[in-house]
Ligand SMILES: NC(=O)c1ccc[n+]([C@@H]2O[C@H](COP(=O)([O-])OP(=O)(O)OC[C@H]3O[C@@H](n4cnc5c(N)ncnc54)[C@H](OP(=O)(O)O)[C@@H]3O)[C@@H](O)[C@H]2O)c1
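As structure tokens, one chain now follows by itself in the form predicted on its own.
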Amino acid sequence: MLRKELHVAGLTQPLDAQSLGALLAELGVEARAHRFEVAPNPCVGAAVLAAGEVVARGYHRVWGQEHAEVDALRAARESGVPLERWDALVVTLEPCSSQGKTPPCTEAILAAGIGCVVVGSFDPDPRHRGKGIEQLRAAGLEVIVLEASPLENTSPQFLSWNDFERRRRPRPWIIAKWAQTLTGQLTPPKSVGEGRWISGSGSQAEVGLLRSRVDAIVTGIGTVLSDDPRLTVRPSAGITAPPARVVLDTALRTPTDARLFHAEPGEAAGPVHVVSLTGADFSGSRALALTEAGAQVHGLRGDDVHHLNLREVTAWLWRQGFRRVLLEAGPTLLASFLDAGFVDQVRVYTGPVPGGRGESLGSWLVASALEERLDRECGEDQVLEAFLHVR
């Protein structure tokens, strides 16, 4: 049973445990609105209290960008309430204590000068669990752990990310994105969108933003040969480096004049990696030509002479430092990743286009157990976002 009042030295009035528990639950629900933008990171909410009242709230909104504590502290400074009146920082998850995409939140909390932190849940990662709290307490802060914001409710994707088996055989968080017609085909009729485009301009802008928020974009040689994509991004706030572009190409068929090697003005282009079967002309002319064109060529073990081993591919992506990866490919490669259980999250755009060409992924979607599902609209397109059960 929680104590009714939590007395902390230096505060103008005691903190009410029941009110804090309700606030933590509320922050967790609000933070979940950003779940597809932050995954595999947790959904985290934070609030700054003054005289027992919330003066500012903050959330982790975008993967790789500032965490909820930093967002809340900035909002508190902008609120006009002076620092000396701040009583506590309330946060749904233990503040991070190590450098990642952003500096440790413990540093931001200490720099802010706030004297009390209320935490709703421990970090489940055994490498970090309790360390953030220890750092704050060692610096003289009062830290109260209520365990009133269970991750099962706010961030099940973060628990999957920290599952023992996932940590034992690490692989990136993979988001599969595709656009489909009303009948589930990934290629429209030749009379629609130059035979290439299904989704509208708003959806295409969303995809450009999604690309800027991953470490790498993976595609297949079939997509390169048929669509000749650039897979570039438009520079915008918060982008430190454009994502790497990875082509799974068993026989090194990537053309040296592909648009991957020729970004247009105003675009940011990450390095090109061509992943092939070990021994596929690595000492021959195709590998040399691709290297001279600007690609880095890699060889991996395959399931047979025609197919890469996807477990080896995901392990290689992890070794390259890629943690959040976007899979933009045709139905064959998409289905291979989906069937192998290596896709963690999907974003599917369905345009108002009847018919289409090629295979359909509609039957796969119907049969799948989608979690945390969100259905929304983007212009005339219907958008489905969901997490998949991680094996």
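Start at 1 and count along the sequence shown; that's the residue number. Because the structure is predicted, anything quoted here is derived from the model rather than measured.
Just so it is clear, the following notes concern the form predicted together with this ligand, a form of the same protein that is not shown.
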In the predicted bound form, which of the stretches 128 to 136, 177 to 185, 85 to 93, 154 to 162 has residues with heavy atoms within 4.5 Å of this ligand? 177 to 185
Even though the partner isn't displayed, in the predicted bound form is S201 close enough to this ligand, meaning a heavy atom within 4.5 Å? no
Is L49 part of the interface with this ligand in the predicted bound form - any heavy atom within 4.5 Å? no
So in the predicted bound form, is this ligand close enough to S336 to count as touching (4.5 Å, heavy atoms)? yes
I'd like to know whether G220 contacts this ligand in the predicted bound form, with contact meaning heavy atoms within 4.5 angstroms. yes
Answer key: of L209, A111, A251, A241, within 4.5 Å of this ligand in the predicted bound form (heavy atoms) is A251
So this ligand isn't shown here. In the predicted bound form, which residue out of V119, L308, V214, L290 has a non-hydrogen atom within 4.5 Å of it? L308
Look at the CA atoms of V305 and L290: state whether they lie closer or farther apart in the predicted bound form than in this form, given a difference of 3 Å or more. farther
